Ligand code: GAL
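Presented below, as structure tokens, is a lone chain in the form predicted on its own.
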Amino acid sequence: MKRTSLASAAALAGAAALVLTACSSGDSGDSGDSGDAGGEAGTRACVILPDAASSPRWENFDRKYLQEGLEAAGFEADIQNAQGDTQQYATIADQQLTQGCGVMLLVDYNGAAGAVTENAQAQGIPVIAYDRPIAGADYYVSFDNIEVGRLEGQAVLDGLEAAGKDPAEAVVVYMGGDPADGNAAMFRDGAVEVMEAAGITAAAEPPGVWDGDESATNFEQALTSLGGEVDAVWVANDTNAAGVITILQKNNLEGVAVSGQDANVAGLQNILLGWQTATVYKPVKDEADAAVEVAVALLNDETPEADQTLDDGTPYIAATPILVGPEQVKDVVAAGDASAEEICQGDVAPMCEEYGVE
């Protein structure tokens, strides 16, 4: 498979992800769209992140990029994390709305953002669904999630090819994400499109989760049901993949194709060590920058335009994901979304030297 370079993908995302059409050239951050919030509320962007467990990206990258971008544009950023608690999510939203918001940028967690979206819009406050779709949101900013799935499916095929195995004869387990996350179905749809075209059918498919420990347990049960035989595992993200890999290691099963997503430290280490075939790298800054552009436009009483729409008509700004194998790990580090110091520990150090990760 021809792999897209980081430079070309970033250029594509920057060129195509978002066009902003100004309705006015106002010189202040006060937004006429902030409705009852009024006053200084029109200069506040209220952001809720979902947790810190499903992926380290939320606190390590999204928070930083969103805050830097919003503040550089002259707006206040109130960014809080629900820590995997839907009640806490609602409480944070109530507090933010009481203080006033000119726009809300929400990452959904188990459907908690739905009621918050309705409440905000009832007050005249536009809502941006960030990374995960939210029914009724004014805008959706994410990566091309079907393409993420396609790349994951391609990683499975690449791993099978490297092992000299026929996809149509391979024993493949599907390990998806939590179905409460609207992106999980898109990841699966994209992956299945690619895998089934090559003749793959799921030998087992445990319930989807976003949790490494649960994934390990679920995969171990699936592996037992298959008599300990597996050739590939489609896994929806790196955290879940790490759980799957612990079971492969426990059973001394090498050469199994394993996909992933997020390019987190553990995922990149597993790729360098040969336990994971590839990950889908989603340059968080591309997504965050696009979301900031939409938020700033709304705060300035301008109208953002999107290049796509969801099935329900929600304007959709989609950044471009990138497939990363061992040869591309150095590029993720060079882009600033991973640290060689963190990755190149212990047994990984000689692999970093081999693949130029520094």
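Numbers for residues come from their place in the sequence shown, where the first is 1. Quick caveat, the model's predicted, so the values are computed rather than measured.
What comes next is about the form predicted together with the named molecule, which does not appear here.
The named molecule in the model of the complex comes within 4.5 Å of no heavy atom belonging to residue 314.
Taking the partner from the other structure, the named molecule in the model of the complex has a heavy atom within 4.5 Å of a heavy atom of residue 131. At the 4.5 Å threshold, heavy atoms of residue 86 stay clear of the named molecule in the model of the complex, well away from it. Proximity of residue 279 to the named molecule in the model of the complex: non-hydrogen atoms within 4.5 Å are absent; the residue sits far from the partner. Only one of 183, 246, 121, 81 comes within 4.5 Å of the named molecule in the model of the complex through a heavy atom, and that residue is 183. The stretch in contact with the named molecule in the model of the complex, judged by heavy atoms within 4.5 Å, is 131-139, chosen from 194-202, 266-274, 131-139, 227-235. Within 4.5 angstroms of the named molecule in the model of the complex, the stretch 258-274 places a non-hydrogen atom from each of 261, 262, taken in sequence order.
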